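Okay, here we've got a single chain as structure tokens, the form predicted on its own, with questions on binding and movement later.
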């Protein structure tokens, strides 16, 4: 099965939400207290997905608010440099700063992120700064859940989703749940459900769907898809880490994507690379089964590298990894 997109649109994908700075530990296998050097990259789930999409050959755009300082200029320059249209970046004029994420790499299994997200510029994107003419040019609007955590960004996202639906633009909701961004589990569940019910495609981990459903214990995929298929979604992707991922279609088909073995350096960045490659495959006309392979291969490449955005692979790298694994399985 394939998902159909409006081929007349100028952009393949426009992402909306946060673009921030990742400061990744250069020294591995030690706690952050003992880490003295960090490398700077562009970060933030929707920014990473836009970067990954552009590196895979899609025409990508971005809507977001950046700080009026060196970090904001670094983000805009980097994203523009990898081919993303940055004409709808808004520069904050009220002194809000760029979000920072320091990463700790104690071991391949034990990684953590220390976030500085107080009063950050990306959460001050206002509804008036979301342009209908820009959104209607795209096949896809990619929305990430963290942008729903505070106003006015929350209202800007809801407006963008409404405009996308009005203009035959597919809404992709990447759950991107960050607990520290939210006031309560109830608030998370309200706004996640509101957007998920309007989306065409929803992507997330099992834990993220549990947050959307306000569950304290692990939910069942079957219950999740039965609930969402009463609404707009036509495709739901639920990731289970090393166990792989499942894609469910409204017509009742179920596909499983297996995780590819790799030399894991760190655990972060996998979700964004998965989403960009999965969506690239769908947008370029590949079937869901192939898209799952693209997503898994891309994730395995990025977790073996130091950065998230900088490590986003090319189509050739993804297809080489898939072919290599299929050769092994046939043998």
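Only a predicted model underlies this, so the values are computations on that prediction, with no experimental measurement involved. Positions refer to the first chain, counted from 1.
The next section is about a form of this same protein that is not shown, the form predicted together with a small molecule.
Item checked: Heavy atom of residue 61 within 4.5 Å of the small molecule in the model of the complex -> Close contact is absent here: in the model of the complex, residue 61 is far from the small molecule, nothing within 4.5 Å, heavy atoms only.
Fill in: Any non-hydrogen atom of residue 271 within 4.5 angstroms of the small molecule in the model of the complex
Residue-level check for residue 271: yes, a contact with the small molecule.
Please determine whether residue 45 contacts the small molecule in the model of the complex, using a 4.5 Å cut-off between heavy atoms.
Heavy-atom contact with the small molecule at 4.5 Å: present for residue 45.
Even though the small molecule is not shown here, does residue 101 get within 4.5 Å of it in the model of the complex, heavy atoms only? Yes, residue 101 lies within 4.5 Å of the small molecule in the model of the complex.
Tell me, please, which stretch of 263 to 271, 281 to 289, 53 to 61, 31 to 39 lies within 4.5 angstroms of the small molecule in the model of the complex when heavy atoms are compared? Single hit among the candidates: 263 to 271.
State the residue from 194, 126, 185, 113 whose non-hydrogen atoms include one within 4.5 Å of the small molecule in the model of the complex. Of the candidates 194, 126, 185, 113, 113 is the one lying within 4.5 Å of the small molecule in the model of the complex.
Exercise for review: With the small molecule left out of view, choose which of 139, 154, 96, 178 has a non-hydrogen atom within 4.5 angstroms of it in the model of the complex.
Suggested key: Going through each option in turn, the one that passes is 178.
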